[in-house]
Structure formats: C-alpha cells, structure tokens
Ligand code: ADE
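Read the single chain below, which is given as structure tokens and is the form predicted alone.
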C-alpha cells in the first residue's frame, strides 16, 4: 500500500519526520518529498507550501509521481464553530472553496460549472479516524471545512463563511486537495487542529500555537496510520 501524508507548512510535517526518523529526500517541482517504508506501507510525506495552487500541485505529484493510493492531510485551521477551541481536532466531512465566486452568473458561492460546491471525504477513512480517536480517548469533531487563499482574521468574514457554507473551520489548502483526489479517484482524509479563532486575535494565536497544534494533528495522523496497518 502506498500512502501519502501532506501538510501545508514545514511545521505541520516536522513531527512526522521526527517520528519516522529515516527517510530519503527527493527534490521535484521546487519542493521536497520524503519517502520511507513504515511496516507494510510505502509512505511519502510532503508539505505543499501555503495556498490552493500549491496544495493542488503537491497532491497531484503525490498521486501521479509517487503513486499514493490514499492521501492524508495533517495541519492547523481557524475555528468557525464556537465549540472548537485551540488544540481541538476536526476531520472534514466535506470541503468547499469559500473564495470561489461566480455568483453574478446565478451560481452559488464555491461552485463552477461541471463541478460542485462540496467534496465529501472518504467514509472509510473517516471511520478509521473515529476508531482511532476512541482508542486514544480523544474527541474528534467532524464538520465542513472551508478553504480559501486568505488568512481569515475578521469576525464579519468568519461569520459569512460560517453561514454560507455551514462551516466549522477554515484554512487554505484542504478543498484543493479534495478536488484533486476526487478527480483522480484517490480516497482522502483532511485533519486539522485548531490554532486560532479566525478573529482579530488570529495572527497572534496562529504564531503562538502553530507548532503545538501541528503536533497534535500529526500525532493523531501517525496513530491513524498504525490503525490502517
């Protein structure tokens, strides 16, 4: 089985590289890809750099060049749901692009012709995630994650995204990965640990909690991988 684990920033994958220890590094498309054998899995780990374009490019490379048969994403996000707090884990039930807007032509936000607003996560991987959470005694929440090429630190914008997409969290890569994986028929799972509340304090909180929240997410993904083995 070939599995890829992806993050957006180096901080999001560093805990995984430290856990697995020995890996080979491949330079390709102005990026680095880390490959290793873990039990019976051929594993590739990569960070895309921030944003939807970089995320889509990296997801495509992980699938087409490294042969990923399943793709897991580990990282941080801003909370939209007030029940989510810093360090909480949320799995995407589905994902949408909150900054995609051709509503002038009568379409809903997040929609383009021959596509759809929401991409659903793989149900089998979601099931494994909930089993992992139960085994670890952790709370794993599930909800819509909204993606856009914007770092949201504005209460009004946050509320608009929440109301428009019924979103629980917001970030900058997940929906792009989801669209690539669905198009290429690769099961995917997007996990985020909350780093901020997407409000006026978000920039400060993000800098303070990026590493700790990244580790929470990465540790969970590693435990989930053990269960998949």
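Numbering follows the first chain given and starts at 1. Quick caveat: nothing in here was measured; it's all calculated off a predicted structure.
There is another form of the same protein, the form predicted in complex with the ligand; it is not shown, and what comes next is about it.
> Examine residue 90 and determine whether its closest non-hydrogen atom to the ligand in the model of the complex is within 4.5 angstroms.
Output for residue 90 is no: heavy atoms all beyond 4.5 Å of the ligand.
> Within a 4.5 Å heavy atom cut-off, is residue 115 in contact with the ligand in the model of the complex?
Residue-level check for residue 115: no, no contact with the ligand.
> Just checking whether residue 43 would be counted as a contact of the ligand in the model of the complex - the rule being heavy atoms within 4.5 angstroms.
No, no contact at 4.5 Å.
> In the model of the complex, is there a heavy atom of the ligand that lies within 4.5 Å of any heavy atom of residue 206, even though the partner is absent here?
Residue-level check for residue 206: yes, a contact with the ligand.
> Is every one of 59, 72 and 176 in contact with the ligand in the model of the complex, taking contact as a heavy atom within 4.5 Å?
Negative, none of the three is within 4.5 Å.
> Just to confirm, with a 4.5 Å cut-off on non-hydrogen atoms, which of 129, 100, 119, 152 contacts the ligand in the model of the complex?
Of 129, 100, 119, 152, the residue with a heavy atom within 4.5 Å of the ligand in the model of the complex is 152.
> Quick one: of 167, 180, 63, 172, which gets a non-hydrogen atom within 4.5 angstroms of the ligand in the model of the complex?
If I apply the 4.5 Å criterion carefully, the residue I get is 172.
> Which among 35-43, 22-30, 51-59, 188-196 is in contact with the ligand in the model of the complex, heavy atoms within 4.5 angstroms?
Contact criterion met by 188-196 only.
> Under the 4.5 Å heavy atom criterion, name the residues of 59-84 that approach the ligand in the model of the complex, in sequence order.
The stretch touches the partner through 76, 77, 78.
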